[in-house]
Ligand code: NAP
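In structure tokens, one chain follows: the form predicted alone.
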Amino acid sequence: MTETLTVGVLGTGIMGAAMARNLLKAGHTVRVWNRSADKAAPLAGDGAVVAPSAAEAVRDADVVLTMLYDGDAVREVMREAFPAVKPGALWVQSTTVSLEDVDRLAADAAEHGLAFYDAPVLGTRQPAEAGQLTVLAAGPAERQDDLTPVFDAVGSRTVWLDQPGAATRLKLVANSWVLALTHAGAETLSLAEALGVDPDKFLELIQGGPLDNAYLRTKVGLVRGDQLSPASFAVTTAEKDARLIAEAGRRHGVRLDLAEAGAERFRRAAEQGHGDKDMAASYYASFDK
């Protein structure tokens, strides 16, 4: 396989669109498809071929990259795409899905003669646009080098793991930490305001010490600056991931109270009309309206 590849990107939301643009910048031929065509159309200006269907996006592609909403969406879209994918193509599955979904998708790939790579990414809008994602990847060792040009285009680091499922497991653990920090910042800010404490006084108090955290400052800053749109990581997607984390814990005998409560906070924020905003909008779940 040459270093210049044909990549079919299925899903051009916040992450998929950014990944497609970086693949184009790296010189690859990129075909894109999205269920909502208006989200894919702007990529034509960057040099992508906007396909009318998932099947056309992946026809004769060396690599298929899925970055969709959840496991159900991946299965539905790939059912349409499978007949057009050439045997032996590499499937990079970057959607955050459940552990059970990974097993089912890997089985589907084997049935259709594709090399399956469980490859979720760490990072949100800004690192995705900058090509600075961390790729967590697991799949057949004999084809890993073939994916180096793809992962180098979209990320600054690739962490290889032993088998499909291992990458998604690590992604769920990492997201558990990220979502917990998000809610902690949101609740701390809402409590400070409710008690009449200047949030800057709290930030000054922890500055430079072990309790200080750049992520906390970033998320609190988004809320205070009314900069929750466009989202780096939307509330609705964060809720979906929180429920995947909680379910993974239950299935493995671990009670994850923070993940359960966090999913509920995201649900309330979405119900209040903040679903498309950055997940720091968890802040609004502290209030009745």
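Owing to the predicted nature of the structure, the values given are computational and were not obtained by experimental measurement. One-based numbering along the sequence shown.
Omitted from view is the form predicted together with the named molecule, to which the following refers.
Here the marked residues T6, R104 and Q144 all miss the named molecule in the model of the complex; none has a heavy atom within 4.5 angstroms.
Think of it this way: in the model of the complex, the named molecule has a heavy atom of just one of S176, S98, T95, T158 within 4.5 Å, and the residue is T95. Listed residues A259, V235, M67, V32 were compared with the named molecule in the model of the complex; M67 is the one with a heavy atom within 4.5 Å.
Remark: V121 counts among the residues lining the named molecule in the model of the complex, judged by a heavy atom distance of 4.5 Å or less. In the model of the complex, at least one heavy atom of S36 sits within 4.5 Å of the named molecule. Using a 4.5 Å cutoff between non-hydrogen atoms, M15 counts as a contact of the named molecule in the model of the complex. Contact between I206 and the named molecule in the model of the complex is not found at the 4.5 Å heavy atom cutoff. For the named molecule in the model of the complex, the listed stretch (220-228, 22-30, 235-243, 45-53) containing residues with heavy atoms inside 4.5 Å is 235-243.
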